[in-house]
Structure formats: C-alpha cells, structure tokens
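Next comes just one chain, in structure tokens: the form predicted on its own.
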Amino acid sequence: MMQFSERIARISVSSTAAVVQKADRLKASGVPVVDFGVGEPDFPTPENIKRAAVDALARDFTKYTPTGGIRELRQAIVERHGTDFGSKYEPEECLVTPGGKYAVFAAIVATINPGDEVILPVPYWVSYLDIVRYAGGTPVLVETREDDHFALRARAVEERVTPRTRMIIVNSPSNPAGAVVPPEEMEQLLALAARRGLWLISDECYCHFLYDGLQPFSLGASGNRENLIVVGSLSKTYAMTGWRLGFALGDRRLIAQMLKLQSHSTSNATSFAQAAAVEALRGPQDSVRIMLAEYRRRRDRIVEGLRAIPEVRCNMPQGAFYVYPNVSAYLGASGLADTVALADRLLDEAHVALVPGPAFGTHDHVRISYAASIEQIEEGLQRLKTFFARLLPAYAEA
C-alpha cells in the first residue's frame, strides 16, 4: 500500500490555487470568466526590468549563483529598504529566496519545533496556517473585528501568549482583507516579542500599496531587530509574480539557518531573474506609483459596487488589492450552506471566480482581488448583482 509522510498529511492544497485551477479549466473551454480569485497584478513587468533580464541572458548570466543570492542583489535590497523605510541592514542580513512565500516557509521551518505555538491573526493568508502545521507547530488564532477593519491589536495578541508561544506572524497590509496594522501597534507587537523571547515575522509583501494618506512603514527601521524577521517580495511591487523573487531580512544567525535550509531545497533563485531584480530596485520607481493610483481607483469602484448590492457589507480596505465583503445574509438562500458552496455556484452559474472565506479562517466573507481591469470589475459587479438578486428575489429590483 502506498504511504505518505505524516507531515504532508497535515497540509492541504492552497484554496486560492484550487480556485485558479477551476477558473482556468473554464477559460480553456471558452467560458468568459471574470477572475477575481488570483492575487496577481494585471500590469506587465516594467520594460526596464525585462531588458535587464534580456541583457543578463545575452551575457550568459545563466549559471548557479551563491545560494543566498548575488551580493549585488542583496546590497540592492538593503539599500532600497533603507531608502523606503529608514532601515540599516547589511547584505549578510539578507537572504534572496525564490518568491516571498519561500522566505516565510524557511523562516518558520528554521525556528519552529513540534508543539510550538504560532499566533496568527484572523483572517490570515492561507499559506501561514499550513506552513506552521507542516513544521509541526500549533496555530493559535487571534480574531480581529470587522468593525475595526480587521486590524490586529497588540493587546489581543498578548492575551493569547503562553509558555509554548514561539512566534507571531503579522501581514500588513494584509491578504485577504487589505487591513493595515497601525505603526504604534506594530511597535507594541515587537516589544512584546522582545519581552517574551518570541520571533515576529512581519510580512511586507504589500507594503507599497497603501491608500488614503497612509505612509509605508517597516519594523525593520526599529532599533530592536533581534526578534524580527522581515519578509518581502518583488512580485506585487514590480508586477514580477512569475519571476519568483522574494527576500528575508533578519539577524545574520537566523539568515544562516534559513540559508542552510535553502541550500538543501531550492538552492539559488534564478540567476537572470536576480539581475532583473537589481534593476527593479535601483531603477525608476514610477511604475509603483502608477499601479498604486490605479489600484486606488479600482478599490473605490469595487467597494461602491459591492455596497450597492443589498445585504452585502464591505469595509474600505486601507492597503493591498483585495476586498473582503461579508455575504452572510445570502448563506442559507437556495441551499447555500457556506461561502464555499456560494463560490462554487457563483463560478458555475455567473462565471465569476473569487475565494471563499474559510481559506482565510472566516465563514461570512469572500475575498475579491481587484487587480483586474476596470472593464472586468464592471462586468464582475454586474454579474454579482444579478447572481445575488436570484438568491433573494425580494431584492431583484433593488
């Protein structure tokens, strides 16, 4: 009989990946799907970054590199982070990874032992939970409040700390809710981690996409960094998702342990992609501002459209490019037991792809990515309105 490891049985396939796969099957059969499921910029990678990759290929920069990344890229990462946030990391405190997700994976696997508790705010990014479980850790969930814009509060975290707590994970701005943890709360979380001897992972994947006058912030600029692991990615900031480039910043002793793991798993990130990343970080930053302005326009429109659907509640996200509307009023209608069933029917009947809330730890919500064109957003909103009207006929004329 075929047997598999106990550790692989602890985890499941990413819910977002499952939605993408089903949407792709429908698209391949000719169905015009409006895809709000994937968290991926619809912008092309900027031309200067692509040219840098082509130039690297032309000069045959296609061999292995040092496992932790070429020094030029590690230097560019710490310089860019210093320029943007005021931090002062050294290249030896930086690890280049094949995507930001692997930086999270390596940080958790390098620090968590079986039975260690890891505090996660709810809603959480789908992969945190499974990576913690893979490492043998125990996720401890801290609820956030919808009426507080899903912002994590340090006091709520401290109440869940036990002698077995080993790590706190914070993602701000967050996937899936676009929530932003105020800087003073972040500072309190880092102080808590230092006081209790915990690791704090600060996932800055969406750090440049903030709205309404909020300014980019990083705990990496703090004077106390011994307990801090900063995780970042070029995927969202520079529309480089397929290039698979991320990084971690932290104490060099931690970076050395993560490097050890990477040396026996993925080895180095792609060589010519690293060359392109240097250009992304050191070249013009205009594309980031252009994307931010367009995301703000899309955010405003999709929130307006969702709020116009009767009984749908939707916070105004403060960052990232997701909305997390509450659709609980429609659960039970036409036999819908939960948002998983709702998302399935929505894709099958209205051909709109989104991700149900249980993937992120909640039951009343769905995640919608507005990293899509305005035309797709308008079409998707119309389909959503029609679909929900069929579920609750009393609102059909609303």
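Everything quoted here is computed from the prediction, not taken from an experiment. One-based numbering along the sequence shown.
The next section is about a form of this same protein that is not shown, the form predicted in complex with a small molecule.
- Contact with the small molecule in the model of the complex, defined as a heavy atom within 4.5 Å, holds for exactly one of Tyr128, Tyr238, Trp199, Phe150, namely Tyr128.
- Taking Val118, Cys205, Val181, Cys94 one by one, only a single residue has any non-hydrogen atom within 4.5 Å of the small molecule in the model of the complex, and it is Cys205.
- Per the 4.5 Å heavy atom criterion, the small molecule in the model of the complex is contacted by stretch 227-235, the sole one of 275-283, 85-93, 250-258, 227-235.
- Taking the partner from elsewhere, Arg133 is found to have every heavy atom lying beyond 4.5 Å of the small molecule in the model of the complex.
- The shortest heavy atom separation between Pro123 and the small molecule in the model of the complex exceeds 4.5 Å.
- In the model of the complex, at least one heavy atom of Gly99 sits within 4.5 Å of a heavy atom of the small molecule.
- The shortest heavy atom separation between Asn171 and the small molecule in the model of the complex is within 4.5 Å.
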